[in-house]
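Only one chain is given next, in structure tokens, and it is the form predicted alone.
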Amino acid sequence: MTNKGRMYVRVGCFLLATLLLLPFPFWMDGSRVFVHASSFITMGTILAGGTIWVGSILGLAFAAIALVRKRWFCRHICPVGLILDTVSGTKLPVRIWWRRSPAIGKYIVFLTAGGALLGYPLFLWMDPLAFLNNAFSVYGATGVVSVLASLSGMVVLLLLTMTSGDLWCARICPLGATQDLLENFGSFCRNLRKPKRTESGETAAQGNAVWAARRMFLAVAAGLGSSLVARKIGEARSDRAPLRPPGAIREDEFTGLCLRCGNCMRACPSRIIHPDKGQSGVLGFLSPVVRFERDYCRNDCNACTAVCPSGALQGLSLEQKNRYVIGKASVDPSLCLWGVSECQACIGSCPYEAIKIQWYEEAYESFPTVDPSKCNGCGACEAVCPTGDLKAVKVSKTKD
């Protein structure tokens, strides 16, 4: 294919990607399909036991092509690569200081693969398609922090490209590194058919394979160790973890499997899902958290559970989603207005009839009380509570 023809293909793929990522209400799965085009994400989620669905075929197909065509996806399909190639033509001074630096992208892939074996793929969120996907979440952003979080990944890549040329694509990008590793494996298999003996008697392919296997073993072992540490940290913080969207897996796995792609935030009609600003620690930075400041998790919606590409949010039917416990609501009598104005906003708003007025003989007073067997933490009561910034009704995380 000529350079001109390849450019037409790349522009066409970019336009298709844009259509998939635009917030059309009738095409909710578009962004999920887009993210799964990454072989790095598809293979990582499969290893971690995450989502395997029809969209995974796309990533596996591109992985198969990478076995015989070096970086074919990068050269013909990747929309992020097209954006970075265009930006690299800017007149900012570019320093190519990294020519002799190692290809750390391969180690990122091995670390992630090692962690994925224990359900915690460490750097799955570093995929460039996830960065671009998240950038389109700016359409649903509800504040400055959300806007900055949505654009942060692509902004970093653009600045890196303008100041250091092809550093990201050539040395860091885990999606490009995944293709390199697949091509190396394919080349190794092909070379075994036509061995070229060295002076020591072993084939050149075998010598390279031994050296590569040692590095791979060390990187995977490091990934396994890092995954164990990360999961221990997540388990220790689980009691203090923020509220997660419906379908969220265990906290000690969630922060590893979540791509920070923004799909759940963009799909939520209530705009209650926001990027974490550090509440769950460094490991959970920018992962989705639920806040009931203006609205609640509606009982007629399961959109967020349907668009997660990695399995960090399990796919749930509407009935299953309404049974999923986000947290539990509780009422602070010292803030509640029931005794002052007989406010019953929380009682009237609860779609599960989990709140009622109860008389307490010892205190000789009554106030709203939550039935924990009926409450799933949807946040309707908290959203309507009229006590101001300090709510009398609050949904809190429950123990797994």
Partner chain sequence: MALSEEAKNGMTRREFFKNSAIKGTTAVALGAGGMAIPVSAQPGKSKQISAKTITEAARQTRVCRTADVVVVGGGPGGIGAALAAARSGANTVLIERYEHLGGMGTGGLVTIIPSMTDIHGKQQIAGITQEWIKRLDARGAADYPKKEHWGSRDKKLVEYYKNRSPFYATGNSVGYSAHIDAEISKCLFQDMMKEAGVKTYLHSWGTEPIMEGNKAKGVIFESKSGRQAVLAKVVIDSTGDGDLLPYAGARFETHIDKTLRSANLSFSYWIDNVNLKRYEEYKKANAGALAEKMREVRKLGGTAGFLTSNLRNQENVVWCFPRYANKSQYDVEELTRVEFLGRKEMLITHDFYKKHVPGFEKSFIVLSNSQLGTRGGRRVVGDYVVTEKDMKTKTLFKDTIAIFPNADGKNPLMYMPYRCLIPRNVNNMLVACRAFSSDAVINDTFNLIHHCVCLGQAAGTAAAQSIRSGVDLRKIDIGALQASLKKQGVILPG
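None of these values were measured; they are calculated from a predicted model. Positions refer to the first chain, counted from 1.
What comes next is about the form predicted in complex with the partner chain, which does not appear here.
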Though the partner chain is not shown, can you say which of 61, 54, 68, 357 has a heavy atom within 4.5 Å of it in the predicted bound form?
357
Give a yes or no on whether every one of 295, 353 and 367 sits within 4.5 angstroms of the partner chain in the predicted bound form by heavy atom.
yes
So in the predicted bound form, does any heavy atom of residue 330 sit within 4.5 Å of the partner chain?
no
Should residue 184 be counted as a contact of the partner chain in the predicted bound form, where contact means heavy atoms within 4.5 Å?
no
Taking heavy atoms and a 4.5 Å cut-off, does residue 279 contact the partner chain in the predicted bound form?
no
So, in the predicted bound form, is residue 362 in contact with the partner chain at a 4.5 angstroms heavy atom limit?
no
For the partner chain in the predicted bound form, the stretch among 287-295, 247-255, 232-240, 110-118 with residues bearing a heavy atom within 4.5 Å is 287-295
Residues within 4.5 Å of the partner chain in the predicted bound form, restricted to 329-348 and counted by heavy atom:
332, 333, 334, 335, 337, 338, 339, 340, 341, 342, 344
